[in-house]
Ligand SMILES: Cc1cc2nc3c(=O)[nH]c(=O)nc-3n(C[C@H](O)[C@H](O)[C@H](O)COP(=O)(O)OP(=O)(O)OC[C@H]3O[C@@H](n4cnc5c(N)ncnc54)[C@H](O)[C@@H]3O)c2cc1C
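The chain that follows stands alone, in the form predicted alone, written as C-alpha cells.
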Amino acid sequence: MEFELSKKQQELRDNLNQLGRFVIRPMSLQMDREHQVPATFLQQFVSMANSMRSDDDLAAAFGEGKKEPPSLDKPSFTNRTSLIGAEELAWADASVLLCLPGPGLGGPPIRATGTAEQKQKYFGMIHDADKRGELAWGAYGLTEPSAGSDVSGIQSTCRKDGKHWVINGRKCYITNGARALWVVIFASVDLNKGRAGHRAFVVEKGTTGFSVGKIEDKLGLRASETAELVLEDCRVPEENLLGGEDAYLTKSTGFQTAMKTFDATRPLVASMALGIGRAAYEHARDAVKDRYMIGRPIARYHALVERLAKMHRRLEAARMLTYRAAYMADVGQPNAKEASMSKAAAAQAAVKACVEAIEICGAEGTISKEDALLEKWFRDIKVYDIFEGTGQVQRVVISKRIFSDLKSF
C-alpha cells in the first residue's frame, strides 16, 4: 500500500486546511450557538467544489462512467481521497461536513443497489437543483427508537397495495432528514423474517403520509440538522423500491444494502473522528509548548509530554486502520471487518484525545467562551462512538468476521 499522497490529494488537504483555519473555525462557535451553517457559506462551498469536479466525477455520480469494478490492477482513489477531505473539514468543524449539500448517506445505497433509472432520477434531482443555484440534500433513514446499530430489529413495516407500497413507521436521528429532497427508508414486509424481510425505498419529500417530527436539540454537532421522520400509511410508487422487485427474490437485498452502506461510510466517519481528535491533540500540544516548557517543574513537563505522545500514537494507529479500510474498498476487496476496526479504533482514540486535552488544559478547557473550541470538540466527539454503529457493535462485527474463518469452531 502506498502511503504518499498524490499531488491532487495534497492540494485538496492543504486547501481545505486553509479554508478550515481561516474561514470555518472563526465562525464555528457562532454556528454552534445558532444551530445552523450559513446558507451563503454552503453556496460558496458548493460552487468551489463544482469548479473542481470533472465530467468523470459527474458520470460516476450518476452510476455511469467506468463499468469495470475497481481492482488491484485498476484501483480507484475515491474512498481514500474522501477520507482526506473529511478529516480536514472535521478538524475545522464536523458540523459543516454533515451539512454539506448532496446525496449524503443516501448516496451509497442508491449507487450500490439502485437501478440505472433510480440513479439517474435521484442523483439528477440533486444535480438539477445545484444547477439552479439551490441547495439540495438526500438522506438515509434507518435508525428507529428501538433499532439502530442492530439493523435486524427495525419495526417499520411495508406492504404492497397495487402499484404502490404502503409504509408505516418512525425514524429518528436522521441527518438532514427535514430538508432532504428524498430519503432512503428501510422497512420490513414481515417482522418475523428478520433481515430477510427488509426492503429499501426512496421516499420523496412531499409524499402523502411522510412528515417531519421533531428536530433534535443535541449535545454536540449542534449546527447540523438531526430530524425525526414519521411514515403513516405513506404510499410510495412501486418504482421507488430500491433495486426493483427482482432484486429481492433470492437474497436479503434490503439488509445487504444497509451493510454495504456501512462498509463505505464507517471509514469516512472514522476519519471525521480523527479530525476532531487531531484538533484536540494539537490544541493541547500547543498549550504545553507555550505554557509548560518554561517556568514549570521538569517532572510535570515530562508527564504531560508522555500523555501527548500516547494521544498521538493512538490517532496515528487509527488513521492507518482507516486508510487500510478505504484502500480495500478502492481495490474492490471486501472490507466489512476493516471498516468496523477503523471506526472502533478512531472513535476511541479521538474520544480519549479530547478527554486528555481537557485534562491537560485544565479549567480553560471546560469553560465555554468566545474562543473555547476545545469545549465544543469535547461535546462533538462522543457521538462518533455511537452513530454508524456503536463501538460495542463494531466489536461484535469484528469478532464475527474473525470467527467466520474458523470453520472448526
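In this text, all values refer to a predicted model and were calculated from it rather than measured experimentally. Residue indices: 1-based, along the sequence shown.
Omitted from view is the form predicted together with the named molecule, to which the following refers.
When the named molecule is considered in the model of the complex, Val393 lines it closely, a heavy atom lying within 4.5 Å. Contact check for Leu29: every heavy atom lies farther than 4.5 Å from the named molecule in the model of the complex. In the model of the complex, at least one heavy atom of Leu142 sits within 4.5 Å of the named molecule. Proximity of Leu241 to the named molecule in the model of the complex: non-hydrogen atoms within 4.5 Å are absent; the residue sits far from the partner. Cys172 is the sole member of Cys172, Leu321, Leu97, Leu308 with a non-hydrogen atom lying within 4.5 angstroms of the named molecule in the model of the complex. Only one of Ser156, Ser149, Ser82, Thr207 comes within 4.5 Å of the named molecule in the model of the complex through a heavy atom, and that residue is Ser149. Residue heavy atoms within 4.5 Å of the named molecule in the model of the complex occur in exactly one stretch of 82-90, 68-76, 174-182, 333-341, and that stretch is 174-182. Of the residues in 376-404, those that come within 4.5 Å of the named molecule in the model of the complex through at least one heavy atom are, in sequence order, Val383, Ile386, Phe387, Glu388, Gly389, Thr390, Gln392, Val393, Val396.
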